[in-house]
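Okay, so here's just one chain, in structure tokens, the form predicted on its own.
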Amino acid sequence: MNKFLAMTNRAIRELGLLNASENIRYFAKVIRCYWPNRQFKSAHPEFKTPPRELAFDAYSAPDWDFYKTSGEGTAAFLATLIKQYQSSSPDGLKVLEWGCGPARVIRHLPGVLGAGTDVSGSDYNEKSITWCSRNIPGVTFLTNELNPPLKLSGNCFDVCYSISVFTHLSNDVCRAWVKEIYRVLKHGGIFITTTNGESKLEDLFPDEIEKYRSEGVVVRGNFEEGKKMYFACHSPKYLAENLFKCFEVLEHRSANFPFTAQDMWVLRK
């Protein structure tokens, strides 16, 4: 990141002006995407798209071509991982996306995982869950709070995944959710998740890098926790030895998750 831009962003955050800054960014992106989105809707009239503000809140881009293309690509990637690490249960796989947002990815999973798969999604944005419930067939949606628990029984999912959720939570909330995901997974179930790691060091300030090295966690607050401008970065060593220690680490790929360039973890209960 440009050093001047980074310093400006830090000053905006510390002054509590991020909400105003985000509103400006939102309207700028709506204008920029206006014509491409019209062309997309003309080419894909049957494809339901969420309200623009929900798309921006979830992934910073009310861009329908990206929403569709990245969602399809990520779902295909996840399906490959799931088939590699989790064989079908006698009753078919039960899959949960924790933090599904406006269904960018989860809407495509029933199609790529096949018949017999039971897919559920949860999110703490009630507007996203309302839109998803009304517009995305074949998936069960439920609302969760910023903190656990989920309104689900224990030991019920073969697979849980989350994309860029730990990246927007405080460390205490991360710890609580790791325990909750562990609770709802079946024995032998897998958890696929993403984090910010070593690849983000170039975006950190010297004092943040020092904290990252010494404590394993850097959090930028001064914004509503759970939103994308609330930023968290975790070292792989800290995650493996602390946050994820209740799981068996099957795979860790640095800056490798598609469309996010975040670290990917595959964990087994």
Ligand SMILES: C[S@@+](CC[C@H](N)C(=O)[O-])C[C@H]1O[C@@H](n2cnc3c(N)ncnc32)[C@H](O)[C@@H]1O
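Bear in mind that the values here come from a model prediction, so they are computed numbers and not experimental data. Each residue number is its position in the shown sequence, starting from 1.
As for the form predicted together with the ligand, it is not shown, yet the points below apply to it.
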Select, from the options 75 to 83, 183 to 191, 116 to 124, 131 to 139, the stretch whose residues sit within 4.5 angstroms of the ligand in the model of the complex by heavy atom distance. 116 to 124
Verify the flagged residues 101, 169 and 226 against the ligand in the model of the complex: is each one within 4.5 Å by a non-hydrogen atom? yes
In the model of the complex, the residue from 230, 212, 59, 64 that sits within 4.5 Å of the ligand by heavy atoms: 59
Interface membership of residue 165, the ligand in the model of the complex, 4.5 Å heavy atom rule: yes
Against the ligand in the model of the complex, would residue 177 count as a contact residue? Criterion: heavy atoms within 4.5 Å. yes
At the 4.5 Å heavy atom threshold, is residue 156 in contact with the ligand in the model of the complex? no
Is there a heavy atom of residue 112 lying 4.5 Å or less from a heavy atom of the ligand in the model of the complex? no
At 4.5 Å, heavy atom to heavy atom, what parts of 124 to 149 sit next to the ligand in the model of the complex? List them in sequence order, or say none. 124, 125, 144, 145, 146
